[in-house]
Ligand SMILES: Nc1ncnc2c1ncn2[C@@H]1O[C@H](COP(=O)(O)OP(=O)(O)O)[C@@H](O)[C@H]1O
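Next up is one chain by itself, shown in structure tokens, the form predicted on its own.
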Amino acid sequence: MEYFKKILRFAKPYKLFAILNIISNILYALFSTLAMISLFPMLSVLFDNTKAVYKKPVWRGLSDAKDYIMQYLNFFVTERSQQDGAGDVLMLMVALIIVMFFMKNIFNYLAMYFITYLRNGVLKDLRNELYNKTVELPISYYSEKRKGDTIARITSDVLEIQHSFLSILELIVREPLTIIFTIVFMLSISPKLTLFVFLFLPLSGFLISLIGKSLKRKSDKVQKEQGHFLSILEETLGGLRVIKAFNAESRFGRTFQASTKRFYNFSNSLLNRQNLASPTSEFFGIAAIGVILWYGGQMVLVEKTLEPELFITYMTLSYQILTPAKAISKASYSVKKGNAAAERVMEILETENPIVDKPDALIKDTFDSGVDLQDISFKYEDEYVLKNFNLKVPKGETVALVGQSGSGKSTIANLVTRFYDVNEGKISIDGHNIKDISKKSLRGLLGLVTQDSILFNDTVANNISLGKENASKEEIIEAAKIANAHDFIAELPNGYDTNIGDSGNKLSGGQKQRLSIARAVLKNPPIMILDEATSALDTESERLVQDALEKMMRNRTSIVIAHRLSTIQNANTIVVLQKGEIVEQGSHDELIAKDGAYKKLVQMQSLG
């Protein structure tokens, strides 16, 4: 029940619906039992077993309830028969049954009506919190986890919680109360007969619990495998061009089929175990009823200590116990499945984010002097990517980072934006350690244009305005003009209102990159980080993008991570990296004159 308690906090805003559901369930359980009891007066009249009673009986307490009900019924039938005849009395008894069943079903509907708002409310809030947590967690978290597994937890695992855990509300109120009310009336009819029911209940409960013990483990396997094949699907959709180009459809198909085969086997094992609950509980229930039929028949026919109509009523009551007993056994299985799902959901919600704001974090919205990286060292796993790295980026200057792949250039962009935290040393803006600045205000000072243009399945205008909420149409157009994007946008079918497709796939690489630049221009941050922004472009697109970048970088502090050295010749300082360490730094002309690592890189690109 540990995870159930954790999930239950999401039900607090909907406690009114929970209370109304409980009240409706109590009344449902009561009228459900009374509906069965109401058969007795009809049977008494039908079998003509009522005795003439002319004096209204007196209530002497619960211990005398059975005799009081019998006497009152006889009194009522005697009185009404004298006035209206036996046929009308029978009709009244039938009307009583109809009213009782009507009330039972009204409260059944109301209970389901109220629980619907509670269940769907919890589902909504749980998904929202999971989404917020998913966005809040650092990028490093998704380097280790499969994205498909996270999607599975937000979709199918949350649904499993809705269907299983929240059925406990029915389990702890409706079904036990129905059983209790029924047993109270059964005891009032015949205590001896009711003992037989109690002899069978513990035995069946024990055997049913044995079946359910492995359900959590089996359910966990099913949900993990679902996350696995969703990951394969997500990777397939993301890399569809490459898969088709390399004729790798069959290879990915085999991987997907292997996962769905495991899911098929795990699901069969889980459902077969779960499906055993209902027939097992029903069999033990019918076995108990068989014994009741034999022993009760003896009491009616041989001992003559029980009236036939009371015995028939008793049998309907004893059979009524079966339905809630089956529901309890089913719900207990659902809880075990829900426990596995809740564990996976809570694993995300309880994951500690290592990159958090300090309680008194500085809200910084101005940039005055520069960015300073002091003695920083950083590793993603075991090996250091940067070692004792130092770099100053004065306000208004452009600093370019060059070097071979794996030299640590992009890592610097990740550290300045605080997507990752340094292991040693510190990064400062205007003398303030970025760990002391709130993440929101830090990233408000920064603009980022990456090698991969990250665009969203939305309109051109909405993709650009991501840089500034509530931006006017004029501001969006001005940003697009600076980014050399306005001309191609104007030619699109609906201009700025054109949907650019999933990841902007309706656009070319150069067009996507210019939209990314327009987004950064609109944000208008004092510090710009360009991470290999032109490396994936053709010459014509590169010229347009480079021109857009130069316009954007005027009078702005910029950290440029460059692959094509032709794009950074005008930088104030060029820093050459090798294996996480600075080997050279200076202007383009100074580094060429040194005849060192930078010149070799330039010559290699010129030859290329």
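Everything numeric in this text was worked out from a predicted model, so none of it was measured. All residue numbers are counted from 1 along the displayed sequence.
Beyond the structure shown, there is the form predicted together with this ligand, which is absent from this document and is the topic of what follows.
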Query - this ligand contact at G296 in the predicted complex, heavy atom, 4.5 Å - result: no
Query - Partner contact for G338 in the predicted complex: this ligand, 4.5 angstroms, heavy atom - result: no
**Report entry** Proximity of V385 to this ligand in the predicted complex, heavy atoms at 4.5 Å
**Finding:** yes
Query raised in the report: Quick one: does T316 come within 4.5 Å of this ligand in the predicted complex, counting heavy atoms only?
Result: no
Query raised in the report: Which one, 410 to 418, 268 to 276, 506 to 514, 124 to 132, holds residues whose non-hydrogen atoms are within 4.5 Å of this ligand in the predicted complex?
Result: 410 to 418
Query raised in the report: Tell me, which of D360, E469, E474, E381 has a heavy atom within 4.5 angstroms of this ligand in the predicted complex?
Result: E381
Report summary line: The one option of G290, P354, G501, G406 with any heavy atom within 4.5 Å of this ligand in the predicted complex is G406
